[in-house]
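The chain below stands alone and is given in structure tokens; this is the form predicted on its own.
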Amino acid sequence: MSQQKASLKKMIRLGGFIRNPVLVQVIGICPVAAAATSVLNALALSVVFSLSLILCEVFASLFLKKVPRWVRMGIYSVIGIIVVFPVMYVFEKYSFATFSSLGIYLPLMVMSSLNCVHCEKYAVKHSVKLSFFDAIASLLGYCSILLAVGLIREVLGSGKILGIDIPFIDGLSGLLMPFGGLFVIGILSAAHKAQIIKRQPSKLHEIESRFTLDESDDKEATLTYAIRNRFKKNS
């Protein structure tokens, strides 16, 4: 998509819906499958993810375009720490039950695969405005699936909604396990593809397009290459 023709609406439609990060790109799926067992958990992960992705993409577009990839990856981690640790402190102090239920998956958001992929494949190649639009589109697609999976698993898995018991619904505890999360994601993915086939068949090829990091096109992609190249220059 060219910078001239790009708009927030188009990017949300393409990046958030047609090429949904979870259902199509299969990026950042681990926290969704393992930790999105309730609406509150999904909201907590959504807040962390949203802040982290926006800050990473904007910062990458502003300052990291000429920085080697192996350095950029470390910077993304630092930004993630700045976002995640204060949120962890707040949840630990004021909502320990939510903090405990998120387990290791909240600190793992420090180095989100979705952050790295979008920063590397988009933010470092586009303007700040378009990078911000890309972050908004991606987080809407990602967070909508987080919330949908959290809601479905809380209602059907525990028979509750926001901690309140729902009459006549016996919880299917298996849905609260990681394989239950993958099952729900699979159902949503099938429904998503069916909608694309039915309503926008011309866009079906778009869901086959995935982000890949091809280091062969980046001469400074890795630390080992940078060190080896330095020795060659000094020899």
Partner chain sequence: MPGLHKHRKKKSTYYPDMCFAMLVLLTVSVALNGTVALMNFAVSVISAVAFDYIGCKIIKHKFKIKNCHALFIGGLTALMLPATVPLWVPVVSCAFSIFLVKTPFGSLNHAPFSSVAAGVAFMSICKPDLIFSYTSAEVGGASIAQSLSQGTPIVTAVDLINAFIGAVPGPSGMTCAVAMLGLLAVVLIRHPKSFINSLSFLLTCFVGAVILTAISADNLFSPNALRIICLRMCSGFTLCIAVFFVTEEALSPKKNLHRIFYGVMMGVVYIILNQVSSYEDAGSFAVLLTNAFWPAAEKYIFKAKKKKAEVNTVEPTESLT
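Being a predicted model, the structure only gives us computed values, none of them experimental. Numbering follows the first chain given and starts at 1.
Although not depicted, the form predicted in complex with the partner chain is the subject of the following passage.
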Find out whether any non-hydrogen atom of residue 62 is located within 4.5 angstroms of the partner chain in the predicted bound form, and reply yes or no.
no
Does any heavy atom of residue 172 come within 4.5 Å of a heavy atom of the partner chain in the predicted bound form?
yes
Check residue 67 for me: does it contact the partner chain in the predicted bound form (non-hydrogen atoms, 4.5 angstroms)?
no
With a cut-off of 4.5 Å between heavy atoms, is residue 55 one of the residues that contacts the partner chain in the predicted bound form?
no
Using a 4.5 Å cut-off on heavy atoms, which residues of 186-200 contact the partner chain in the predicted bound form?
187
